[in-house]
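One chain is shown next in C-alpha cells, namely the form predicted on its own.
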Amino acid sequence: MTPAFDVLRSAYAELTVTDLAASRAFYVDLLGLVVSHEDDEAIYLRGWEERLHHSIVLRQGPVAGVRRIGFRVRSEDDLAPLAARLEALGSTVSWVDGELRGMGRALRATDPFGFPLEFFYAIEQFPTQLQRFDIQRGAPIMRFDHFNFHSPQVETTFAFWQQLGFRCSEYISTDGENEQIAGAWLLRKPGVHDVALTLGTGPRLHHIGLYVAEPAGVLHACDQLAAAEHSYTIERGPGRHGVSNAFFVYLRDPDGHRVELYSCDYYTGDPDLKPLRWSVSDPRCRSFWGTRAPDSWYEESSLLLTADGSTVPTFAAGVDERQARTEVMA
C-alpha cells in the first residue's frame, strides 16, 4: 500500500560534541565541509553540491550523542499524515518550529526503538558550490547520503521502516531454516539506501554516510588525513563493500562519531526492484575486497539522546553476526 505521504530522503544529522573547536577542525579543516553558520553553541555544515542549509549540525554538549536524525518530505502537506502513521506505529510525536537555524516547522518523533527522528520540508537554501573547483577542499564531500543504525531488533525495525514507505535494496541473512536478517538496506531516493540496519547493541547510530563523487576522492581524503598526521582517524578501509558496491573508508571524529566516505552505489528507481540477498557466510558481503572490519566497527556506535539530553538505554542483540560467518568474513 502506498502511504499518504512522501518521505524523499535522509537529510541531516544533529550530533552533540564535547569540544566544538576540535570537531570543527575535523569536519571543516580536514574533511572540507562548507560552513553555513556557526556560533559558540553550534556549527551548521553542508557538502559542496548541497543547496539546503545544512546536512550536519554539530552542537556543543556535555556528552557526545545523537540529537536528531532528519528526513525531508516532498511537501508541507505530507507532515500531518506522516504524524498519524508514526503514532499508529507506536511513536511519540511533537511539533517544533524554527528550532534549527534555517528550518521551518518540523515533525519530531521518537520511534518505538528509541531513535530521535525529525521530518521537515521548509528550509533555507544556498547556491550550489558543485563547480567551485577553485575553492573546494577535502575529498571533496558532495552531499549527505545515509544513516546506518545499530539495532538489536533488525527484523522488527525493518518492518517499521517499510510501513513508512521505505523499500529494501539488499539484505544479509543467516542460512538454514530459521533465517534471521542481520542487516538491511532501505531506500527512498533512487540509490542503495537512506537507512541501513546493522545487527548489534542498540539503539545507536552506527554511522552517517557522506557521498564522494568518485573513488579517487576517498583516496585523496585518506592522503590528506595522513599528511596532516591524522591517519589514526581512519578506522576501516579504504575498500569496497559487496552490499551496495560502495567504495568506502570509515573515519572516527574526535568524539568517536563514525563517518563513512562513500562512492559508487547504483540506481534503484525501478518500481519492481527485487532485493539482493547476501548470506552472512559470504566473505564478500561486508568487504568485497579490503581488510577485515575491526571489532570496533561491530561493537562501537554513537549513543542516542532524548529531548532532555539523557542517553537512550541500549540492549544487546541475540545474535552476533561475526559468530554466524566463516573465518574469512569481513
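Please read these numbers as outputs of a predicted model, since none were measured by experiment. All residue numbers refer to positions in the sequence shown, first residue = 1.
Omitted from view is the form predicted in complex with a further copy of the same chain, to which the following refers.
Visitor: Select from the listed residues 215, 102, 112, 256 the one whose heavy atoms reach within 4.5 Å of a further copy of the same chain in the model of the complex.
Guide: Residue within 4.5 Å of the partner: 215.
Visitor: Let me know the one among 222, 181, 117, 164 whose heavy atoms come within 4.5 Å of a further copy of the same chain in the model of the complex, would you?
Guide: The residue from 222, 181, 117, 164 that makes the contact is 222.
Visitor: Which one of these stretches, 58-66, 264-272, 296-304, 33-41, sits within 4.5 Å of a further copy of the same chain in the model of the complex when only heavy atoms are counted?
Guide: Looking at the partner contacts, the answer comes out as 264-272.
Visitor: Residue 241 near a further copy of the same chain in the model of the complex, any heavy atom under 4.5 Å?
Guide: Flag for residue 241 set to yes.
Visitor: Find out whether any non-hydrogen atom of residue 291 is located within 4.5 angstroms of a further copy of the same chain in the model of the complex, and reply yes or no.
Guide: Residue 291: yes, in contact with a further copy of the same chain in the model of the complex.
Visitor: Report yes if any heavy atom of residue 4 sits within 4.5 Å of a heavy atom of a further copy of the same chain in the model of the complex; otherwise report no.
Guide: Residue 4 lies outside the contact set for a further copy of the same chain.
Visitor: Report yes if any heavy atom of residue 227 sits within 4.5 Å of a heavy atom of a further copy of the same chain in the model of the complex; otherwise report no.
Guide: Yes, residue 227 sits close enough to a further copy of the same chain in the model of the complex that at least one of its heavy atoms falls within 4.5 Å.
Visitor: Taking a further copy of the same chain as it sits in the model of the complex, which residues of 58-76 have a non-hydrogen atom within 4.5 Å of it? Please list them.
Guide: Stretch hits, in order: 72, 74.
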